[in-house]
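Before any questions on how it binds or moves, here is one chain, the form predicted on its own, in structure tokens.
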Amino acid sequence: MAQIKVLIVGAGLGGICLAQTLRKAHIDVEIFERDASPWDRPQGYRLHLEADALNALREVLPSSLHQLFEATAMRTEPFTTILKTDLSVAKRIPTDDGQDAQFWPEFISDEKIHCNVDRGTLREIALIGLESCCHFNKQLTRYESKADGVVATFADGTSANGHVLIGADGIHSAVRPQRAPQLNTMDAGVQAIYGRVPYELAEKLLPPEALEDIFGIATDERKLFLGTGAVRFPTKPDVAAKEILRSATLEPRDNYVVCIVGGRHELFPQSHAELRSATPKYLQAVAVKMLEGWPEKARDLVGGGDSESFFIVSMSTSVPGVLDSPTNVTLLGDAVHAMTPTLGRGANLAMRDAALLGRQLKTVARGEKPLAEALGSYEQELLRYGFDVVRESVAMGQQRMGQNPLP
């Protein structure tokens, strides 16, 4: 076994899944996150997980944590519900499970492969066991790549040494400008206000299909959209699941439906900068007002949401490009292939990246490949499937919400 130390910048789902799989292989790893805590800023509520994420979680997590994930996940029907503005069902579109037999030769065979999960709960689970190697309030300012390793320097004046550095730090990555300045991001021309609606209210206003399917979306002639997605926690977990939940000290969570009101910037009454500084309650009122002209049900759904849960996101996307020859620094997830949420695949790909990169770094630790060859193999695959999905996401975003085209 060769001794290697891996430095991961970013404690999102991709970064912590990579850390979990490396720790399972007894590879030294440290994570550095710029936020003060895992809950420092809103990053969305519900996540849709398909084959890439579900296979990755099974591969990278210790079995006890994977059981905990299963005990907190909601299995959905494999459809996207297209709603009318009165929230009745227009049609249901089948959604592919994303299975890749070459990448996942022993893939999941569950009949219901799609999941809706609470992002915070999944992140909390994936962080278990990483407490000693995950450091918060660590903003990367620069790194220095040498023949024998990498030195990462942080805003607080501290530094860390490793053999390889992974930029898993999102679309505003501090690693990407130095590792790949040729890779650009662009404004998608779209923004959205997110909030949570109590499940009991959503049951009264939404059709059953919208609560059982992956996601529901209604759009008007301006491409202003209202999106909905249910998150239900198991009401009667089996004895083993109860014990896992108790031992992990996860608090019971209430069921909810995420609501998303969005569209092109010009559909909003104020600039994104002004809305970013607004209170959650004000953002909720803006979202309700934007639905004027829609039937009352839609406004009641958003107006009945938790008034402290609303926040605004401006959507951006990566522009497909190339990476230079591999070094001892690479990228993962949104740091390289960020996309708008029209396909719901961003987190799925980040976890696939983590599994793929973990496999390659294990070959280095076993002395089977030099680091540059392993990272080169990873990056070739990463760019292929990652930018394919970016292009698909842009095409769907143009259709559903008027997203800007790629240059």
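On a predicted model such as this, the values are computed, not experimentally measured, just so you know. The first residue of the shown sequence is 1; numbering continues from there.
Below, we turn to the form predicted in complex with a small molecule, even though it does not appear here.
- The small molecule in the predicted bound form is not approached by G397, whose heavy atoms all lie more than 4.5 angstroms from it.
- Using a 4.5 Å cutoff between non-hydrogen atoms, F268 does not count as a contact of the small molecule in the predicted bound form.
- Not displayed here, the small molecule is kept clear of R179 by more than 4.5 Å at the level of heavy atoms in the predicted bound form.
- E30 falls outside the set of residues with a heavy atom inside 4.5 Å of the small molecule in the predicted bound form.
- Only one listed stretch (332-340, 302-310, 143-151, 197-205) carries heavy atoms within 4.5 Å of the small molecule in the predicted bound form, and that stretch is 332-340.
- Within 4.5 Å of the small molecule in the predicted bound form, a heavy atom is found for not a single one of T80, I217 and R232.
- In summary, among the residues K84, R123, R75, K297, the only one with a non-hydrogen atom within 4.5 Å of the small molecule in the predicted bound form is R123.
- Residue G170 is the only one of G98, G170, G227, G189 with a heavy atom lying within 4.5 Å of the small molecule in the predicted bound form.
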